[in-house]
Ligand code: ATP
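In the form predicted on its own, a lone chain appears below as structure tokens.
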Amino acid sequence: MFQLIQRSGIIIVMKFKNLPEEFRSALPILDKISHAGFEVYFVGGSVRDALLRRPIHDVDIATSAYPAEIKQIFKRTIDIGIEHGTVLVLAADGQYEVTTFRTESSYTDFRRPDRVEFVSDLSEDLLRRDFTINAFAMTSDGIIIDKFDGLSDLKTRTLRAVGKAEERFNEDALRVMRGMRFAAELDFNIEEATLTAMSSHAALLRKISIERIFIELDKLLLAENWRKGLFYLNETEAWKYLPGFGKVDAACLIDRFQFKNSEQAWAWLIIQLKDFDLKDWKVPNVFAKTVKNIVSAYYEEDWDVAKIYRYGLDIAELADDLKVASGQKIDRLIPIIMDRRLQIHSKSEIVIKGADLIELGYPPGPALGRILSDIETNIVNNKLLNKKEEILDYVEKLSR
């Protein structure tokens, strides 16, 4: 697929026979910047994923042009991070982040540089990146520029920090989590010096916002090789610096098990860690409620219509996934059978409302609420049909 040549100490891969569509769509952006007299390249994860023949998501562009110059070249732009050199260019078929080549100063907060300096040299820009497999640049005609032997690391499926590993993790402690996440997503092994630096800098995760750590850990758990990611979490002892964490035993679930969604994955963590509290992770209330319901459903011994009504079939099946994966023998058809027996799946489906009873002379208040609750319970348990006449007869009998 590629022809390798050596040129001035830089490995160049000639060239993509067929540039992926995601890059072809962005070529007008690169052409405009190039015609204005500036260097411009595709950079980062999109180039890596193209080389690995993985799905390509966001296409990032790096250039020697300053933000003000990019805004002169393109009529439609948005300043999304102009202080760090990034301008969002709006095109007919999408939008692209264009960032000026830059170097970065010290990182007092271990997350963001204290100062960014724009440079004209691509090499200086690539040097600040995290891992060699993310430090590629690609020209508009598909030539890959590899200054840190990332191609060899791709071939051996190795995750290696760019330059001195200690400096990379001291610059941005979140890279400790990103390393584990990349290992899980790509099924790569972390190189020894890089792993050692991750371990020695793991304590700096205390300086990182829990929301950012959540994003990385969530992606790790949903990756195909999530067990490898958790192995490195244990190996580096980074778990010591995550709220409510302990060593997590991935082997307690059957091989090849994949979490269906984030809520199921985090429910499993709670089941494993016992004292784990999602409040410490500042997740949205809706997310926390769903996770809590999956955990609660996991501990249900038998399913009946009332429990399926309470949790919903989706939650019950997510909980049963975890039961089966942990070695429990259960009948997966029971929740489906119970769900089919339900006349309603929420109280909004009951044909009689409180207002209907008030119109018939029943006064509003706690007594009416108890009547409505009693109606709901009996319909759920199939002791009462969800028909207006049936319900009204039932209420009349209650009032006698």
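If you're wondering where the values come from, they're calculated on a predicted model, not measured in any experiment. Counting begins at 1, following the sequence as shown.
Missing here is the form predicted together with the named molecule; even so, the following discussion is about that form.
The single contact residue among Asp58, Glu349, Asp31, Asp356, judged by any heavy atom lying within 4.5 Å of the named molecule in the model of the complex, is Asp58. Residue-level contacts in the model of the complex: of Phe169, Trp303, Phe182, Tyr309, one residue has a heavy atom within 4.5 Å of the named molecule, and it is Phe182. In summary, the region of this chain contacting the named molecule in the model of the complex, judged by heavy atoms within 4.5 Å and restricted to 43 to 51, 64 to 72, 371 to 379, 327 to 335, corresponds to 43 to 51. The named molecule is not drawn, but in the model of the complex it has no heavy atom within 4.5 Å of Ser262.
Taking non-hydrogen atoms only, Asn134 approaches the named molecule to within 4.5 angstroms in the model of the complex. Not displayed here, the named molecule is kept clear of Asp146 by more than 4.5 Å at the level of heavy atoms in the model of the complex. Although the partner is absent here, Arg129 lies within 4.5 Å of the named molecule in the model of the complex, judged by heavy atoms. Contacts between stretch 289 to 305 and the named molecule, counted in the model of the complex as any heavy atom lying within 4.5 Å, involve no residue at all.
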